[in-house]
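Take a look at this one chain, the form predicted alone, written out in structure tokens.
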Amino acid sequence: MLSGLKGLGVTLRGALRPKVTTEYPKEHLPIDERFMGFPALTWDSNRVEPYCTGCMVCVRYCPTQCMSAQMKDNDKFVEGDSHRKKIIESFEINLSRCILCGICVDVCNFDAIEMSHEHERSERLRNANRVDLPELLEMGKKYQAEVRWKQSKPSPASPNEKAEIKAVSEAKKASEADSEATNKQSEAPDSGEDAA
């Protein structure tokens, strides 16, 4: 009888405890900021182009070979509006094969790929989890907005920006030289006053 009461006490304590689990998919726990979901491509809103240059480093280092990419010449570089000579033309990731290892993020030199918070992508068809460039960029933009993502190192200036900076510095030097010459003239004594 005593053991029966002890068992009932354990049951009542368990029933009155606050709930630890959630009834997924009806309820969702908040995702931790460090959570690693599927990879996504980041977007450079200052230059209005992706950070990815299509260098293929992530493709080469991927242990499951779930990525493929192609690069092209960047039209904005020709116009002088971007510092990136090459840019991504197409990028595809087979998320069914991705093991979420994060190696692609570690080897990327341009902050072009991040592990997003995207994780609910179950599909019935074999190739339904292949995502292409527009979808990867959309996932990246969403992730950047969620975590207020910042680039780890600032982007170099574009050719137009370099020319602008050079013109401003030359104009500043010229104005400083003019003001210095004006100051020297005003400090020098007037020869007509010395003779009198």
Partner chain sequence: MTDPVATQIEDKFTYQASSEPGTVDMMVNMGPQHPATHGVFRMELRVDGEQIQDVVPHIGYLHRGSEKLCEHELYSQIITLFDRFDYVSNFNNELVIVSAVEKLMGVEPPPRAELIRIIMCEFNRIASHLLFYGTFAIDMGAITPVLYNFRDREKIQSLFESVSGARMMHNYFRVGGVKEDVKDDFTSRALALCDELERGVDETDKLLTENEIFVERTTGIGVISGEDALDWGLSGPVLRASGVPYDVRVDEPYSRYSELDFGIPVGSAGDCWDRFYLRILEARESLSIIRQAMALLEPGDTMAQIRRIARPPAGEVYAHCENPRGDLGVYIVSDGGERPYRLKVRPPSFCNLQALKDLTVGHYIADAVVILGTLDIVLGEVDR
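Residue numbers count along the first chain shown, from 1. If you superpose the two forms and keep the largest set of C-alpha atoms that fall within 1.5 Å, you have the rigid core. Everything numeric in this text was worked out from a predicted model, so none of it was measured.
The same protein has a further form, the form predicted together with its partner chain, not shown here; the description that follows concerns it.
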All three of 3, 35 and 101 touching its partner chain in the predicted complex at 4.5 Å, heavy atom to heavy atom?
yes
Is there a heavy atom of residue 134 lying 4.5 Å or less from a heavy atom of its partner chain in the predicted complex?
no
So in the predicted complex, is its partner chain close enough to residue 62 to count as touching (4.5 Å, heavy atoms)?
yes
Can you work out whether residue 11 and its partner chain are in contact in the predicted complex, taking contact to mean some heavy atom pair no more than 4.5 Å apart?
yes
State yes or no: in the predicted complex, is some non-hydrogen atom of residue 145 no more than 4.5 angstroms from a non-hydrogen atom of its partner chain?
no
Which one, 56, 167, 48, 31, lies within 4.5 Å of its partner chain in the predicted complex by heavy atoms?
31
Which among 107-115, 81-89, 120-128, 68-76 is in contact with its partner chain in the predicted complex, heavy atoms within 4.5 angstroms?
107-115
With its partner chain taken in the predicted complex, which residues across 113-141 come within 4.5 angstroms through any non-hydrogen atom?
none
Under a superposition restricted to the rigid core, does residue 11 display a Cα displacement of 2 angstroms or more between the shown form and the other one?
yes
